[in-house]
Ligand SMILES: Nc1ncnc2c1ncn2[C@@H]1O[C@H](COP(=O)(O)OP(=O)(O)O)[C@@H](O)[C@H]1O
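What follows is one chain in structure tokens, specifically the form predicted on its own.
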């Protein structure tokens, strides 16, 4: 078996000394899509933020280990952590527009982001961005790059988030509720575009969502969180179609399905 892309072993996460995630163990293989599902406050987002070192000053992994390939990310500090974010691990946030500067164009912010990791010209960055937009079947990439975040719809900003996260071709992409603020039609488009990134680049994706329909459409494995604990974990076919836990069966009860094609 290949070396896991991501491996969490008995992870406990605490805020201000109080544990909020308890004894979570899971792993992802290269190119695999893991859906992390559960209701609000179950610890889903906290789990992926811990792997990116984004818990904030009051949060910490207080037990266990988190490995990205062979590197224990909990040992990565400062410059090592900065080098890992972007080229190795990317992130799509719940509301991309809120994480962007409202008074700078998408192109300027993209250039600044890429220059943190590569010495490259503006034209090269622009070309890469337009190629990604084209792969996402967005034909007005020039207009998007010249726009400010407030000039774009929520769905278009989420596509900008995908492009910005993928422009350095990371092996692992975290997506934190990337469709929760979008209408149903745009949700389906964004999810299909994320799956396409896996198909194009072999990117492993860990997606956090409260919507099992999203996970049913795109995931290979599913992790079900409840009150900070991992209550069910395994292949999608097992967890969604033959769940062992009552909580999982309850979540599946109201599934919004996304049609393929």
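Positions refer to the first chain, counted from 1. Predicted, not measured: the structure shown is a model, and the values here were computed from it.
Same protein, other form: the form predicted in complex with this ligand, not shown, and the subject of what follows.
- With the partner omitted here, the stretch from 194-202, 63-71, 229-237, 38-46 that lies within 4.5 Å of this ligand by heavy atoms in the predicted bound form is 38-46.
- Using a 4.5 Å cutoff between non-hydrogen atoms, residue 58 counts as a contact of this ligand in the predicted bound form.
- This ligand is not drawn, but in the predicted bound form it has no heavy atom within 4.5 Å of residue 241.
- A residue is said to contact a partner when one of its heavy atoms sits within 4.5 Å of a partner heavy atom; residue 20 meets this definition for this ligand in the predicted bound form.
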